[in-house]
Ligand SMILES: Cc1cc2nc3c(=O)[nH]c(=O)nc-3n(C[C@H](O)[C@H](O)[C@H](O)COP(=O)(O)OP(=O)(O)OC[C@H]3O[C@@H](n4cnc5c(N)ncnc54)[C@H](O)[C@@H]3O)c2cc1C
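Only one chain is included here, represented as structure tokens and corresponding to the form predicted alone.
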């Protein structure tokens, strides 16, 4: 790494630049360092606690070739390689399956505590429609990210905490670096790299709310706000599946927390207000089926007047299973889970847990080749596969590929000074405003539109109005003022969120069917076989472009 002080700001040069230090970014950093590359990791928060894994995690997806036919690479690829996924068998095998043992070894070395049976084998459970027991259960998972971060620093990666990236740079059609600023001090940074890996998190939160009305009370990290889509989109990267990859889950009533995988996989039963267990009507695997089917099933019961309330029944569990779930696994997903159940007086073995449908989170992915490189030369994606396992493994594989490419044919590009000056001006403009709106008003208006028009039931006219209103909201972007660096950070997060909402709405308008995503269209309630493929969006010369198919 080389750092140069200039009048404009600091210039940092490296071989591999990793944007985001969550699970994917951490995996990428470890791998790239092991390949001998100089590595810089840039993160708007703190390595030890950032990303969706920063709040904890109670399970790790692992197919181990340990016996049954469902515990094989073939079963793994068959489950995930669907026509709409955009993933190839090669990508899944090399980028995830083959990396699982490597990541498991790292986690074991860092003393991540996987639950084990008396014979020493892993405790494994099945969930969310998977054909086998692919989830390894983690005890004390609230410390998972800190342990991963320890390895990142030990490997020798240079970590720039508290730096927000606001713009990617291209030179002669290839990625060359990025621009950003230190969110605590206001220092301006210009990063130059041979290869760049985008690991900024593909689950966009704060665009919707649950019944608490608190936009930060989310079941995923509320600080992942869409930069993973907004920044690559601006340089021409292709994005897929923003129309069908949205997610929601069930959460304890009035409190955003993950954990349904553990509850469902251990045998939790969902009941409606009539005391009926109903999920068999919506998925042959009942509560252990696809997450979207549990959401759609719960919502259908709601509109038929059979709820609220909705409950999860775990009173049939053994004393030991209920204890492990409530006091070991659930705090691993959110450290304050026991504070919630204590204040509510809830004991899983004794009481029903009231639940509700969470806020909607936007998702999707950058289109990548089998080596996880995007259509922009030199720009790789680490956020390709789901779950903390997919993030760590995909990030690791992207780190290997980027480091090798940097070694074989990488070169540093130049930073255009005029571009950097303009971006620095744009970044800090909100601090100079004396009057205007604040980020809360800007974000809140976005959420109002998304909650009203882009919920679990949608139609063409409503989505057209959503897009019209989102475009109007953007006319106020130059009027957002920030009193300090904290509000400045939130302002730029709001702009990322806005872009993610626009891209999602544009693509949802073109998918005229229901059944592949968590939402349904009332004007197109059935599946359309001709749309059994990813929908891709990108820009050329400032105009939206679309295509069906990831390649």
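Positions refer to the first chain, counted from 1. Just so it is clear, the structure is predicted and the values come from calculations on it, not from any experiment.
Heads up, the form predicted in complex with the named molecule isn't pictured, but that's what we're talking about next.
Answer option from 482, 518, 53, 63, heavy atom within 4.5 Å of the named molecule in the predicted bound form: It is 53 that has a heavy atom within 4.5 Å of the partner.
Listed residue that, although the named molecule is not shown, lies within 4.5 Å of it in the predicted bound form (heavy atoms), from 423, 328, 333, 71: Spelling it out, the residue with a heavy atom inside the cut-off is 333.
Contact test, all of 20, 42 and 220, partner the named molecule in the predicted bound form, heavy atom 4.5 Å: Looking in the predicted bound form, the three residues 20, 42 and 220 all sit within 4.5 Å of the named molecule (heavy atoms).
Proximity to the named molecule in the predicted bound form (heavy atom, within 4.5 Å), stretch among 220 to 228, 264 to 272, 473 to 481, 84 to 92: Partner-contacting stretch among the options: 220 to 228.
4.5 angstroms heavy atom contact with the named molecule in the predicted bound form for residue 236: Result no; residue 236 lies far from the named molecule in the predicted bound form.
Close approach of residue 258 to the named molecule in the predicted bound form, 4.5 Å, heavy atom: Heavy-atom contact with the named molecule at 4.5 Å: present for residue 258.
Residue 389: touches the named molecule in the predicted bound form, heavy atom cutoff 4.5 angstroms: Judged by the heavy-atom cut-off of 4.5 Å, residue 389 is in contact with the named molecule in the predicted bound form.
Distance check, residue 57 to the named molecule in the predicted bound form, heavy atom within 4.5 Å: Contact check for residue 57: yes, within 4.5 Å of the named molecule in the predicted bound form.
Stretch 181 to 209 - residues with a heavy atom within 4.5 Å of the named molecule in the predicted bound form: Read in sequence order, the residues that approach the named molecule (within 4.5 Å, in the predicted bound form) are 199, 200, 201.
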